[in-house]
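Encoded as structure tokens, the following chain is the form predicted alone, with no partner shown.
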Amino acid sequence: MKKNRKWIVLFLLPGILLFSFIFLATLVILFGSSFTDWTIGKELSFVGLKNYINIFTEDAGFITAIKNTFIWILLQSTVHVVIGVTVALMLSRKRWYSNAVRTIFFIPNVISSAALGMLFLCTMNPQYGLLNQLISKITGEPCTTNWFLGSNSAFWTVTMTWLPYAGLVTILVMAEMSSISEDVYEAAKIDGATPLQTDFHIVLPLMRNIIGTCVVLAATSMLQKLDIIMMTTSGGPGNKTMNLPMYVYETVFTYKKFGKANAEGIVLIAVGIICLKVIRKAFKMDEED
């Protein structure tokens, strides 16, 4: 047994070292430097909790970024996941069109975010975009709405660039559904349950853990959503579409305030941990069936 322990430690050592030097050390530096005034052109100095106090009391843009991030987390955890689960339940009926719909529905998840952002920019262009041209044809009046830069439309336009594309959720749920024994469906059919009743009272309760996992993935994806926002609005107009990752990026690369950005990064990590804990508790993912 002692000999086996040595081999176990030996095989785990590369992973432990990799985690320690790349992730753990980075987190320690991130946390430590968040208490400093680390700005390009200035001498590094310790400022205590000043960065944290400033971002919550003097920085209105940061508060807006937190609000937007929480709204997007909520939408992604509910609407996005519901769309994915609904499509999975529909495709499980194994109609003649199921394979084609599954492939088409997953395509947006395969396309890179940069390409998807450019696609939406072209489609919703105020001058030559397909959407405005279609609206003009239907209404008979010229439509020049700037969907990404309009103060009333920007937030929801950016939201729609990722919210409906729940192919990953659909694939994960369908994979889990394939593990349900056919006997379960047969028993429900014998008891007189309709397909809808079977889905709601049998299938969905059995899918609790995988749906909880999908909610975790959907929620945490909003804590790293940067590329599409940068490609389309860069957080504008004003801070209408600003989120935490975009705000941290702007603090670093526009204002060169690394200490403040690291404090914002710690808040971002804390938000992720809170979301993870809440979701796991809501879906009782730590409890055995």
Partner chain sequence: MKYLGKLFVGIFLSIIVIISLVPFLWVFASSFRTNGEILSGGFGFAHGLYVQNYSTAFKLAPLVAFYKNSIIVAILATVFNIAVCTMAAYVVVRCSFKAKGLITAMFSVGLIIPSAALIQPLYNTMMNTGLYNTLTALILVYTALGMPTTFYIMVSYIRTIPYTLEEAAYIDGSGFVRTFATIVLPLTRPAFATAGVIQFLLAWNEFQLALTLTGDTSKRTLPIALYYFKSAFASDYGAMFAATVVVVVPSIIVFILLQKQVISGLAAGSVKG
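If you're wondering where the values come from, they're calculated on a predicted model, not measured in any experiment. Numbering follows the first chain given and starts at 1. The term rigid core refers to the maximal set of C-alpha atoms that superpose within 1.5 Å between the two forms.
Although it is not shown, the form predicted together with its partner chain is what the next lines describe.
Colleague: Using a 4.5 Å cut on heavy atoms, which of Ile71, Cys122, Leu206, Cys143 is close to its partner chain in the predicted complex?
Modeller: Spelling it out, the residue with a heavy atom inside the cut-off is Cys122.
Colleague: Of the options Ile202, Leu149, Ile83, Leu75, which one has a non-hydrogen atom that comes within 4.5 Å of its partner chain in the predicted complex?
Modeller: By the 4.5 Å criterion, the partner-contacting residue is Ile83.
Colleague: Should Ile55 be counted as a contact of its partner chain in the predicted complex, where contact means heavy atoms within 4.5 Å?
Modeller: The answer is no: Ile55 has no heavy atom within 4.5 Å of its partner chain.
Colleague: With the partner left out here, check for me: in the predicted complex, does some heavy atom of Asn51 sit within 4.5 Å of its partner chain?
Modeller: Asn51: no contact with its partner chain in the predicted complex.
Colleague: Evaluate Thr103 for contact with its partner chain in the predicted complex, applying a 4.5 angstroms cut-off between non-hydrogen atoms, and reply yes or no.
Modeller: Judged by the heavy-atom cut-off of 4.5 Å, Thr103 is in contact with its partner chain in the predicted complex.
Colleague: Using 4.5 Å between non-hydrogen atoms, is Leu168 touching its partner chain in the predicted complex?
Modeller: Within the cut-off, so yes.
Colleague: Can you tell me which bits of 97-131 touch its partner chain in the predicted complex, meaning any heavy atom within 4.5 Å?
Modeller: Tyr97, Val101, Arg102, Thr103, Ile104, Phe105, Phe106, Ile107, Pro108, Val110, Ile111, Ser112, Ala114, Ala115, Met118, Leu119, Leu121, Cys122, Thr123, Gln127, Tyr128, Gly129, Leu130 sit within 4.5 Å of the partner.
Colleague: Does Leu18 shift between this form and the one not shown by 2 angstroms or more at the C-alpha, the core having been superposed?
Modeller: Superposed on the core, Leu18 moves its C-alpha 2 Å or more between this form and the one not shown.
Colleague: Rigid core fitted, then: does Ile273 show a CA shift of 2 angstroms or greater between this form and the one not shown?
Modeller: After core superposition, the C-alpha of Ile273 moves less than 2 Å between this form and the one not shown.
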